Structure formats: C-alpha cells, structure tokens
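Presented as structure tokens, the chain that follows is alone, the form predicted alone.
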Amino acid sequence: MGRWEPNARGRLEQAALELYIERGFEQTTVAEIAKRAGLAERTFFRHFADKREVLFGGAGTLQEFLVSALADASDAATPIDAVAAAFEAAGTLLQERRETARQRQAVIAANAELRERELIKLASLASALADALRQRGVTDSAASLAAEAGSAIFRIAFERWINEAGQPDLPHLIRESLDELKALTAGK
C-alpha cells in the first residue's frame, strides 16, 4: 500500500489542468492525470467521476456559497443588487485564482462538450439564486429575471477579468457591469 500524501484532490486538479493545456482535453487520459499527480488512477476516481469533473468539481461549493451570500444580503437590497452582491462575494474568493481561472476557461473554450457543461453550470447557479430570491419573497418572474441577469453580469465581468490585461479586481468588474446594465435599462 502506498504512503498517504496530502492534497490529492488539488494535485489532481493541477495535473489535469497542465495536461489539458499541453495536450488538449480530448487527448488527456485519467491515467495520465493520476501519473502526473503522483497518484494511482483509483485515487482519481475517489475524487472525480470523470475527467470533466476536474474542471467543474467546485460548482456545488460555489452554488452553496452564492445562495448563502444572497440569504445574507440586506433585506433592503433590490433582487438584482442582492444577486450582484452574492456574485461580488464569490468574485472576492476567485480573485486569488486568476491565472488558474484563465487557464481553465481556455481549456473550456477549446471544447464544445466543456462549453456546454459550463452553460449548464451557469444555468444551475441562476436557478438556485432564483429559488433563494423566492424564499426572500420575490415573485417568480422577478426572481428569475434577477438571477438570470445576475448570471449574465457575472459572466461578462468574469470574461473581462480573465481576458483583458490590467483589469481591476473581479468584484469591481461585477459592480461595474451591474451599473452598466442599470444604465441601459434606464435608457441612459
């Protein structure tokens, strides 16, 4: 039996990302990821269902964080402001992982199956946020609109953050995108 080594999950994530960038997602096998991480293939499957999940394994944690941050928003906040505040809080967490986020998005952008999975993840986040807004007493349609708009705001800010050099921090870009949306809808 091999000696236990710490942070197997993190090592697998790092190894997978390196290999996806070097060889491409389709050309990388689970066995290669495990080998690069210095782990057995069996260990990979203890942490991830398949090689896609290495890129999406944190989706559940992100969703829980966003819903919790939304629940903690001020009762006086409008639905869209509450959703934006939740995404800003998540943006603060992502701030330290900018280069990893950039690399992850490059891998996703190069593969149609992964792009589809990313859209599903975003739709799930919006659905969870809409449910959380409904629990705050927001009507069905307003909750859905605010959650979908918030998801779009986050996506636009995130793309700017990873693709444009010299951009300010992600929470600032989220707030800036929200302000731009408000200006557009106000007819200014």
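Everything numeric here is computed off the predicted structure, so don't read it as measured data. We number the residues from 1 along the sequence you see.
What follows is about the form predicted in complex with another copy of the chain, which we do not show.
Using a 4.5 angstroms threshold between heavy atoms, Thr43 stays clear of another copy of the chain in the model of the complex. Under a 4.5 angstroms non-hydrogen atom cutoff, another copy of the chain in the model of the complex lacks Ala128 among its neighbouring residues. Contact check for Leu181: a heavy atom falls within 4.5 Å of another copy of the chain in the model of the complex. Proximity of Ser68 to another copy of the chain in the model of the complex falls outside the 4.5 Å heavy atom cutoff.
None of 43-51, 143-151, 23-31, 57-65 except one has non-hydrogen atoms within 4.5 angstroms of another copy of the chain in the model of the complex; the exception is 143-151.
The candidate spot formed by Thr78, Ile156 and Gly187 lies fully in contact with another copy of the chain in the model of the complex, as each residue has a heavy atom within 4.5 Å of it. Residues Glu116, Leu119, Ile120, Ala123 of 104-124 are found to place at least one heavy atom within 4.5 Å of another copy of the chain in the model of the complex.
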